[in-house]
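One chain is shown next in structure tokens, namely the form predicted on its own.
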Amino acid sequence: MLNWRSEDDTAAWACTLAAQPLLANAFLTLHGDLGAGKTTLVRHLLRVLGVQGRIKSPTYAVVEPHEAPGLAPHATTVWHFDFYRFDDPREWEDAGFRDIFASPGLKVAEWPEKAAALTPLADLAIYIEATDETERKVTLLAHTPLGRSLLQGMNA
């Protein structure tokens, strides 16, 4: 379990995660209540990976693609999903999500439980719990060999 005492700790952890070469084609899920800091973590991670311009939450669009030069040479696209408003499995097919998950690039999903029957198994699940206005308790669970490698790389 990790303890982030401030947003600076979130940003520092995002840097550690971004330094992992295997991240380029990983699937990360972010779990936590509204306001826990899921989107904040994604914004810090995208900035570290070189994403320029406005980074908005894909709450209404469901997915936002970002070009992340920091992932090169393995991949350069980050797909940021927010399934909070997702309630119809047909949206999955209509939006081409199956093709996105089959293509190279980092996939990060907030509210993955809303599409759990449709998404692949997450490489790394990140559970964020707000304990007060600034502090977060974070639990990391690796579900695949790639996820375990990511965790090992961050603990090295």
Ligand SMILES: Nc1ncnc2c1ncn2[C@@H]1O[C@H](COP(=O)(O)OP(=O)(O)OP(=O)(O)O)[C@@H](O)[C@H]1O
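Here the structure is a predicted model, which is why all the values come from computation and not from measurement. The numbering used is simple: start at 1 and walk along the sequence shown.
If you look for the form predicted in complex with the ligand, you will not find it shown, but the lines that follow are about it.
Peer 1: Although the ligand is absent from this view, report whether residue 34 comes within 4.5 Å of it in the predicted bound form, heavy atoms only.
Peer 2: Close contact exists here: in the predicted bound form, residue 34 approaches the ligand to within 4.5 Å, heavy atoms only.
Peer 1: Does residue 111 make contact with the ligand in the predicted bound form, using a 4.5 Å heavy atom cut-off?
Peer 2: Contact with the ligand, yes.
Peer 1: Given that the partner is absent here, does residue 152 sit within 4.5 Å of the ligand in the predicted bound form, heavy atoms only?
Peer 2: Output for residue 152 is no: heavy atoms all beyond 4.5 Å of the ligand.
Peer 1: Is residue 119 near the ligand? Define near as a heavy atom within 4.5 Å, in the predicted bound form.
Peer 2: It does not: once the ligand is placed as it appears in the predicted bound form, residue 119 has no heavy atom within 4.5 Å of it.
Peer 1: Can you pick the stretch from 88 to 96, 48 to 56, 66 to 74, 35 to 43 whose heavy atoms fall within 4.5 Å of the ligand in the predicted bound form?
Peer 2: Only one stretch qualifies here: 35 to 43.
Peer 1: Using a 4.5 Å heavy atom cutoff, which residues in 1 to 15 contact the ligand in the predicted bound form? It's fine if the answer is none.
Peer 2: 4, 6, 7, 10 sit within 4.5 Å of the partner.
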